[in-house]
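Form predicted alone, single chain, as structure tokens, below.
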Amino acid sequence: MTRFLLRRLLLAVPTLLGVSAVVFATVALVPGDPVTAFLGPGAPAEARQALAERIGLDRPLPVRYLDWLGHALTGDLGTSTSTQRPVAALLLPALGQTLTLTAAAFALVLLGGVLLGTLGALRPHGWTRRLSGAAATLAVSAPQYSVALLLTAVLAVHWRLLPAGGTHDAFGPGGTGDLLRHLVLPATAAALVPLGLTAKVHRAALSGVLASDLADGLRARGLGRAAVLRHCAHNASPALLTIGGLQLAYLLEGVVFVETLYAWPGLGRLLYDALTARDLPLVQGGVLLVATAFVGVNLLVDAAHAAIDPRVRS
């Protein structure tokens, strides 16, 4: 197990280096002038030159990348050109908010995906399978933005049951209860597509195990339905783990629209504002942080998969 994890860690290093190079080059080559975005089109040439030298835009791209990478390895991601604050100081609070939203959405994905998938696998020819399959297909097919707007219009505007955005009421009591109320709509909107995919994969994997010789052997030994389901679910768990890890990574990267729509102060909204302001250091640091989180999630999934199924360690 230790050798397996070391191999995965060694593979993650060049992956992150490649991602950092692609991120830096892509963001640096995006059309537009960050100096103009910060100072305005009417700024004098001396001020423009001074700012370009201060943020390093007068140097060749490879030199800028190596300098940025060296500082990034020490935790210094530079200074935001739009706020003049350290990038790390802006990213860490936003990362905490994104992780909160991602955790809530992922809980819905696992709960709903396992429930729908299990119901469909237990009744392969009944109305339960058709109903669960239709619900999973609807979750995958429904446009996220349309569902988000519909949920907001009905639950927040028409019925006034839930807040339409933010993390706490301006004049409310605050606390965990207030946060959970604000989490319901964005977490539901973010979880729909991953929930449907998880339900489909889990249903297929569990159906295969329930129809296998393993399940027949367990029934022949006199085990009850619940015990058979428990054993079969354990054997189907690698597929659930794999799709769950992919959907968790998707949520980390894909909540930009949800955070923007619901005014959730996370990484997605921060990066959207940074792109609008042409704040290159903030964009580069944010994308690198998301990519690192993506690689970290994959490492955790690989480790959990190896712990469940020793065959993948070889």
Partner chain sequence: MSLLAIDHLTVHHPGGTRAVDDVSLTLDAGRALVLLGASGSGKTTLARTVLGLPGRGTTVRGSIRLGGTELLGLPERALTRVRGRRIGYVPQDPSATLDPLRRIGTQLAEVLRTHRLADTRRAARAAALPLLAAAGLPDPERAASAYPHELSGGLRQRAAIALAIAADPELLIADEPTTALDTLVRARILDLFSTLRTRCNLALLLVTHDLSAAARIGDTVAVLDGGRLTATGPAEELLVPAEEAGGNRGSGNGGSELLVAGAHRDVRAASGKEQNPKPMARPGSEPSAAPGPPFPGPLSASSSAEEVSK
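Quick caveat: nothing in here was measured; it's all calculated off a predicted structure. Positions refer to the first chain, counted from 1.
Not pictured, yet referred to below: the form predicted together with its partner chain.
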98 to 106, 232 to 240, 112 to 120, 69 to 77: which one contacts its partner chain in the predicted complex at 4.5 Å, heavy atom to heavy atom? 232 to 240
Taking 4.5 angstroms as the cut-off for heavy atoms, does R3 touch its partner chain in the predicted complex? no
Would G126 sit within 4.5 Å of its partner chain in the predicted complex, counting heavy atoms only? no
Can you tell me if A211 lies within 4.5 angstroms of its partner chain in the predicted complex, counting non-hydrogen atoms only? yes
Within 4.5 Å, heavy atoms only: does A227 come near its partner chain in the predicted complex? yes
Exactly one residue in A204, L223, L179, L131 has a non-hydrogen atom within 4.5 Å of its partner chain in the predicted complex; which is it? L223
